[in-house]
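Single chain ahead, written as structure tokens, the form predicted alone.
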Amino acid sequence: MATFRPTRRSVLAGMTASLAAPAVLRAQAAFAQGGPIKLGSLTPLTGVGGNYGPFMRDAIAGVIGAVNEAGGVLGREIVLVSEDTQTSPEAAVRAARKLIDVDGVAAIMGTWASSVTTAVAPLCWENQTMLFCVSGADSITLLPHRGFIARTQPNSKLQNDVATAFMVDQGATHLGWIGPQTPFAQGNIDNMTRIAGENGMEMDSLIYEADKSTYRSEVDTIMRAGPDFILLGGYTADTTVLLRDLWQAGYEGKLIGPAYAVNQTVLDALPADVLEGIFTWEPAPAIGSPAYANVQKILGVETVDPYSAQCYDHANLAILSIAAGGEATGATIRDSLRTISQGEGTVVSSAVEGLPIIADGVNYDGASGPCDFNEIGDITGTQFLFKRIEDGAAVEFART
């Protein structure tokens, strides 16, 4: 993936510089009139998602810093409490308990990996804490969350639809899926089987055990089935092992994997020959939008990864919802979310832009896309970016 390199230094430098600004001093005086509003970030700072989490957290921090500098919301300062999921459901639950019970946050933002979000979600809806996530498993928004979940990541069916259509368009005649057991594994297999049937193709799949040092026996099994285009359904660690084993076994078909799995870590770990020609796909941020430019500035990068773009949106959506509803609670965010994210209001790209006109109505368009939500909390549309690995680098191939 392209450059989304350390920018935290520039964010912190900007925050430090802003402390001397008169606007901040005025805001601090106003903040003394009320207690702080607490919002939580719960991102993977370590573990297999650890290469994304720090940027996701910094995108949220940048939004909150800008809002505080502009005077806060409801006349109150916003405090960000950040915790690490460790990309582990167990660790994430412990961290969420702390954010809810000890810190009293109105919203938790940025949960990554469907297993993590699924584990944390009941704590949120039972305690009326709003949960914004970047997880794609269809099952997440089918939970009985009573409106306390909203996700900016396309659900796995939409992602799988787009990837499978791409495989068909690229000339596949026999589809394959191979990956570990996850909340979206069987759904993806069922979906691909349906699409393969509609196009008169064969479809074979194999679910493997995660965290193995080799998948050679699984590779031999899927190769005997004969797919000429395989979709990889795992995460970075197991995908790295799997790709090595597929190459050593002499697989000559095409491969596609989610960009969060076939990422720079994989490119650094494997020789270019192993990776040559592999496709990746991912929900694409709204490149060229004012909100995307805001995230570029916050992180100090040219290319923003989709999860950081979504976390920028989480913070803006939470803050605008609090302002529209007049209270800093999870229930208020839930009830006001669609009021500020879709409809006839003035289009805005940040909370700082929207807060002064909130009473007249705003329609937030984010760095990840329009941020329009259906009745169960799924976004209703976004763009996708396909890349192809050439000479050890991921090169843009197509956008949909």
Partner chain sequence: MLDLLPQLIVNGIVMGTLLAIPAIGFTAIFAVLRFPNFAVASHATIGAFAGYAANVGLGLPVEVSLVAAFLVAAVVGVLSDEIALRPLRPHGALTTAIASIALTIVLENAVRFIFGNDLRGYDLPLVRDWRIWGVRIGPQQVENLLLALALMSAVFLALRYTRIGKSMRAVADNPALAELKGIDPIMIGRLTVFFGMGLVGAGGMLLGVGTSIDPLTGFRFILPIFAAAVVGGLGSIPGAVLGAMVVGLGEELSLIVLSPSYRSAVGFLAIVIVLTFRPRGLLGERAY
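Residue numbers count along the first chain shown, from 1. On a predicted model such as this, the values are computed, not experimentally measured, just so you know.
Here the subject shifts to the form predicted together with its partner chain, a form of this protein not shown in this document.
Only one of 174, 254, 194, 216 comes within 4.5 Å of its partner chain in the model of the complex through a heavy atom, and that residue is 216.
This chain appears without its partner; in the model of the complex, the one residue of 200, 271, 75, 226 with a heavy atom within 4.5 Å of its partner chain is 271. For the three marked residues, 206, 220 and 265, a heavy atom of each sits within 4.5 Å of its partner chain in the model of the complex.
Here the chain stands alone, but in the model of the complex its contact with its partner chain, taken as any heavy atom within 4.5 Å, falls in 246 to 254 among 276 to 284, 109 to 117, 246 to 254, 289 to 297. For the chain shown alone, residue 47 is a contact residue for its partner chain in the model of the complex, at least one non-hydrogen atom being within 4.5 angstroms. Residue 237 belongs to the set of residues with a heavy atom inside 4.5 Å of its partner chain in the model of the complex. Residue 212 belongs to the set of residues with a heavy atom inside 4.5 Å of its partner chain in the model of the complex.
Proximity of residue 324 to its partner chain in the model of the complex: non-hydrogen atoms within 4.5 Å are absent; the residue sits far from the partner.
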